[in-house]
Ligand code: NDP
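Read the single chain below, which is given as structure tokens and is the form predicted on its own.
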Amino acid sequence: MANYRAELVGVFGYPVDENPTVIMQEAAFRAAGLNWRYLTIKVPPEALADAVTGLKAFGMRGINLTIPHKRAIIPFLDQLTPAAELIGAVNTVVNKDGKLLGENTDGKGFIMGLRQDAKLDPAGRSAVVLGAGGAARAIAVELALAGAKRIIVVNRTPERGQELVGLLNKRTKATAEYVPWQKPYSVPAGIDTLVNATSIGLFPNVNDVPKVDMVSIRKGLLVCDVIPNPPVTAFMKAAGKRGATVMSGLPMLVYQGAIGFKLWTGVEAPVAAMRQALEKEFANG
């Protein structure tokens, strides 16, 4: 008998119109031969409770969360993974028979990018993370859980930076320190990885670069940008000219989506199809 009903997942955000996840996930569903649909849903903050009720009523298999819902969703969930609890934010929800499980795949996607694309294992290494927002928290926590020995958090507002460092020192084995970001930051010797975990340089502000002393960028340093669009940021270009190895935000975006895909479907994600779909979309954009 024919089945005309598609399984539903999607993303709640506000704003959300320019979120490209649908391109990647729909390509994955086609490649895997799954009758699933990914919905991009605009949910104002005051409507989040109703949206969660709708998710359950529709029998949606899960949802992604983006700004401003990654923390606000937590009271509506039945369970958090250890990493999501530690990070204090959720970007992926799995609906298991009406029970909602919250996970954070952002940092896990970044770590997969380090290992798969940059061929770097963070265990025993030292990293600088620029920023202390949602992406920075997820990346710093997962770096620590992956065995990074030293993490420096550079942020303009002391409160968020110190809170993240306190969390890392208290709850992980990494040694973390906070550095105020008031002037161009000079990357110390002994650092293996520099991560721009801010939105500086995101389309359409493609000429903006984080305030970093480029003289401190050297050969042997891996410079990562969490921004997927443009695929090669002005910061990455400048770091590359200094001899550093660079990694864009595309691997993180693809791999975090691949982790979510498997959590929802139980099927291994067709990573190549997901990456190709995003590369094509960003090239056209």
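It should be emphasised that the depicted structure is a prediction, and the values quoted were computed from it without experimental measurement. A residue's number is simply how far along the shown sequence it sits, counting from 1.
Beyond what is shown, the protein has a form predicted in complex with the ligand; the following relates to that form.
Please identify the residue among Asn207, Thr157, Ser186, Gln182 with any heavy atom within 4.5 Å of the ligand in the predicted bound form. Partner contact (heavy atom, 4.5 Å) among the options: Thr157.
By the heavy atom within 4.5 Å rule, which residue out of Ile200, Ala72, Leu77, Leu167 makes contact with the ligand in the predicted bound form? Only one option qualifies, and that one is Ile200.
In the predicted bound form, which of the stretches 34 to 42, 239 to 247, 224 to 232, 47 to 55 has residues with heavy atoms within 4.5 Å of the ligand? Stretch with heavy atoms near the partner: 224 to 232.
If we define contact as a non-hydrogen atom of the residue within 4.5 angstroms of the partner, is Asp106 a contact of the ligand in the predicted bound form? Yes, Asp106 lies within 4.5 Å of the ligand in the predicted bound form.
Contact label in the predicted bound form: Leu253 to the ligand, heavy atom within 4.5 Å: Although the ligand is absent here, Leu253 would touch it in the predicted bound form, with heavy atoms inside 4.5 Å.
When the contact criterion is heavy atoms within 4.5 Å, does Leu143 count as touching the ligand in the predicted bound form? Leu143: no contact with the ligand in the predicted bound form.
Can you tell me whether Gly134 touches the ligand? I mean in the predicted bound form, with a 4.5 angstroms heavy atom cut-off. Although the ligand is absent here, Gly134 would touch it in the predicted bound form, with heavy atoms inside 4.5 Å.
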